[in-house]
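Here we start with a single chain on its own, the form predicted alone, put down as structure tokens.
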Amino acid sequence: MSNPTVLILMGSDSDLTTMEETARVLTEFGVPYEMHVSSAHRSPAKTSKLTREAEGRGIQVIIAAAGMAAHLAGVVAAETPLPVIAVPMPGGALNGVDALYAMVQMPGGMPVATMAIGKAGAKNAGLLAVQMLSLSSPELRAKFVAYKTRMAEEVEEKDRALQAALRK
């Protein structure tokens, strides 16, 4: 996408099916992004380059997804002043719990916002990025408020349907 404001990094191409949720949310809100496979362990120079150059290219938020050892978000946070959102990937012996623990247990002074494991976390990472970006964009803020209003309306619709079904 042209002029991306969000950089999505994945430790492996196997993370793509999960991180498509993030991309879908950003697309829904009209937030331009770019996405790369870059491993903190297998391609550290590439990860460092992408991270260090991000701010100069107009990136405002970085979302990093990884599983198992899950050091991608922490490595990224160490290289940039930009906010970093971590998404732990399911899989491995502990089905993503190891990734979650690695991401939420960052040392003091190295903040990383950590989402839930898997697709829910990927979706919320996109939404948190939208919220962060909406601090300086009234248009994006209005879209986010409308999104939350739609969610509440959908819940009300479902409750009306449930109440009608219960009365039968």
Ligand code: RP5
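For every residue, the number given is its place in the sequence shown, counted from 1. Not measured: the values here are computed from a predicted model.
Same protein, other form: the form predicted in complex with ligand RP5, not shown, and the subject of what follows.
The candidate stretches are 107-115, 126-134, 43-51, 63-71, and the one lying within 4.5 Å of ligand RP5 in the model of the complex by heavy atoms is 63-71.
Residue contact check for M89: one or more of its heavy atoms lie within 4.5 Å of ligand RP5 in the model of the complex. With a 4.5 Å cutoff on heavy atoms, E21 does not count as touching ligand RP5 in the model of the complex; it lies far away. Residues G11, S12, S14, D15 are the members of 3-31 with a non-hydrogen atom no more than 4.5 angstroms from ligand RP5 in the model of the complex.
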